[in-house]
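Quick setup: one chain, the form predicted alone, written in structure tokens, and binding and motion questions come after.
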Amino acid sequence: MEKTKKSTKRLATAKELNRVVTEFYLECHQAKAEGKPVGWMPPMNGAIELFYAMDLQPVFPENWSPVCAAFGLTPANFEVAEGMGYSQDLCGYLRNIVGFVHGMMGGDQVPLGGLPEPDLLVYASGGCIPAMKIFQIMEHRFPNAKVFRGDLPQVALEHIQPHHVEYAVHQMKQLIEFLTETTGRKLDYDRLADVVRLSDESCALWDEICTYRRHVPTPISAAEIGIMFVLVTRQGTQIAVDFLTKVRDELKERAENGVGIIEDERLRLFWDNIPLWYNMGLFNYFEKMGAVVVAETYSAAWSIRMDTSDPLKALAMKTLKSYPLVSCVSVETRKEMVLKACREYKIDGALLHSNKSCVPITLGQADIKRALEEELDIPSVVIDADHMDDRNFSPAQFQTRVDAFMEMLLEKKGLL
């Protein structure tokens, strides 16, 4: 088994992903060349829609890290970051982008041209610690960039109150003032309403796409989830809506005709935690045993439906909700999310990725494992790895554990 491998994609729309990714980064570089202000920001926040509404170019350094992993650039970036004193125990996203901006950035051989330098840095105090630290580091690396540091309350989903929303709306207004003053571009509120509508439409499409994963056999597997790239980078654009509509239509046709993503679906699996971006081919590994990964915790968190009647409030709510959905959620809530997904997707077994460089979304897996067995009679196996650093992934150990797990699942279903 290989330590790094690209996934085998079978959906026609998923095969278009290379073009979609390339066009986004070309657009980023073209914007820089034409003098359009480029702003770096974390993913999953309402600033994205503001940028598109004000004809500014958003760029996502965190999202660039999976791209680096797919192109095999992370070892060089980690070497630079660790040479600067950043520990191997820190978040892989952080170490990769730090190494990239202090190393190969601007070089001629960087795939997709790399990232254009930022004119603006936009981030908030909410979210996971590495996400905030990345931008503090970027402030030192790009001292000429104008900086907006939002003050965002970190509140669990179930505890969000009207005063939290009111405060987040105030922060959004301050961000609009900052963008207007620094770029000279005024926000067209009719345009913002249209962008928010498109963003919500993308999320509705993603939710519909996920419903097709409940079909037996499933018409899509985790090996195809790169299609969510548009949910990360193109929120609020017609491009995202058009692409996800094509995906939805392809899955609908497959589901109606009973065409599964593999020929003989025998086992349905659930993946907890972030994928191994350097080895998306891992999701194809299970197929030789008739097993397919039909659902994950990670991809489910990228859809946040919005009340489009009040665009600013909608973006404030999106920003408040985004991180609690993934990395700042209680163990009890995480457990309930996994159990709910395993019921809905008719899961036979769960793969719990114990992620060395993302502890917040790894915590609680022992409780989840116990609950799966006791409440749903669903066995699970823990896979030790890292979403960015392949030095923390042992193919031999993975193969030994997973092969035995698959045999046990097949025997449990009477298929051996």
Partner chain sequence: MSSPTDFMSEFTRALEHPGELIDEISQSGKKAIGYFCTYTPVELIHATGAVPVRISGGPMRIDRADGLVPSFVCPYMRAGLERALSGDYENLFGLVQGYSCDVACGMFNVWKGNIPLSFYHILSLPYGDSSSAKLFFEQELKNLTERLADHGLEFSDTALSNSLDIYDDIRLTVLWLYDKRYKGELLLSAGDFYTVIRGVQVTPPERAEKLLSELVSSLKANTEKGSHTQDGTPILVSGSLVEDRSIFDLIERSGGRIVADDLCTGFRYFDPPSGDGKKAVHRLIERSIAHFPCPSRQLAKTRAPLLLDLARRSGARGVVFLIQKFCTPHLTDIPIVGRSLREEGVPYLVIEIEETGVMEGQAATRLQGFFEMIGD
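Quick caveat, the model's predicted, so the values are computed rather than measured. Numbering follows the first chain given and starts at 1.
Absent from the display: the form predicted in complex with its partner chain. The rest refers to it.
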remark   = Interface check vs its partner chain in the model of the complex: of P217, P130, G226, G114, the one with a heavy atom inside 4.5 Å is P130
remark   = Of S309, Q161, N257, Q109, the only residue with a heavy atom within 4.5 Å of its partner chain in the model of the complex is Q161
request  = Work out which of the listed stretches, 231 to 239, 300 to 308, 138 to 146, 70 to 78, brings a heavy atom within 4.5 angstroms of its partner chain in the model of the complex.
outcome  = 138 to 146
query = Looking in the model of the complex, any heavy atom of Y86 within 4.5 Å of its partner chain?
reply = yes
query = Is N355 one of the residues lying within 4.5 Å of its partner chain in the model of the complex, judged by heavy atom distances?
reply = yes
inquiry  = So, F178 and its partner chain: in the model of the complex, are they within 4.5 Å at any heavy atom pair?
reply    = no
request  = Would you check, heavy atoms only and a 4.5 Å threshold, whether K346 touches its partner chain in the model of the complex?
outcome  = no
query = In sequence order, which positions of 339 to 372 have a non-hydrogen atom within 4.5 Å of its partner chain in the model of the complex?
reply = S354, N355, K356, V359, P360, T362, L363, G364, A366, D367, R370
